[in-house]
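One chain follows as structure tokens, the form predicted on its own.
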């Protein structure tokens, strides 16, 4: 599988990339919106790869139930296994405590250095809340951001303060949400075509979200 060693080893192969994306998330479950966004960012920004980083415990959902990380990791591995430009890192899984973006970016910076352009891929709604992110000012100096929006989204409010670090993409598939997928499974509704078949099969085989 397209897996980075747990400790983000200093294998020279990982230092050859001068532009890559990081897509962090809960991935509960990972769906085609995530995958399409990552692929679109890779092509538009000419990224060598996109690394998916499932979090152990999201800092913004400390009191919410989150599916066990072993299931979320396995679904992510299965979802990206046929794309040679996608990888999975367990860096946040192996770091105790809440997952903060700045800690993850710093770890990647240690490995890849400052000659590499790192693009953190997130949703526009999440980026609009960046003032509440941990050590936001320092984070903005460490990487560029890719904000994925739904068609018809008001882009003006994203431009003003972050023009130097922000890339914006319209993604039709962003109407899909993991919350809706969990609801559909619980209520015996179809999730075919909104997650890959390998993810759908895993969900049903392991009786997730019931």
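None of these values were measured; they are calculated from a predicted model. Numbering follows the first chain given and starts at 1.
Same protein, other form: the form predicted in complex with adenosine-5'-triphosphate, not shown, and the subject of what follows.
Taking 4.5 Å between heavy atoms as the contact cutoff, choose which of 144, 48, 67, 149 touches adenosine-5'-triphosphate in the predicted bound form.
After the contact test, the surviving option is 149.
Would you mind picking the one in 126, 111, 140, 102 that has a heavy atom within 4.5 Å of adenosine-5'-triphosphate in the predicted bound form?
It is 126.
Flag residue 177 as yes or no: does it have a non-hydrogen atom within 4.5 angstroms of any non-hydrogen atom of adenosine-5'-triphosphate in the predicted bound form?
Answer yes; at least one heavy atom of residue 177 falls within 4.5 Å of adenosine-5'-triphosphate in the predicted bound form.
Check whether residue 122 has any heavy atom within 4.5 Å of a heavy atom of adenosine-5'-triphosphate in the predicted bound form, and answer yes or no.
Contact check for residue 122: yes, within 4.5 Å of adenosine-5'-triphosphate in the predicted bound form.
Look up in the predicted bound form whether residue 42 has a non-hydrogen atom within 4.5 angstroms of adenosine-5'-triphosphate, and give yes or no.
No, residue 42 sits far enough from adenosine-5'-triphosphate in the predicted bound form that none of its heavy atoms falls within 4.5 Å.
Is residue 23 near adenosine-5'-triphosphate? Define near as a heavy atom within 4.5 Å, in the predicted bound form.
Judged by the heavy-atom cut-off of 4.5 Å, residue 23 is in contact with adenosine-5'-triphosphate in the predicted bound form.
So which residues in 22-46, when you check adenosine-5'-triphosphate in the predicted bound form, have a heavy atom no farther than 4.5 Å from it?
Heavy-atom contacts within 4.5 Å come from 23, 24, 25, 26, 27, 31, 33, 34, 37.
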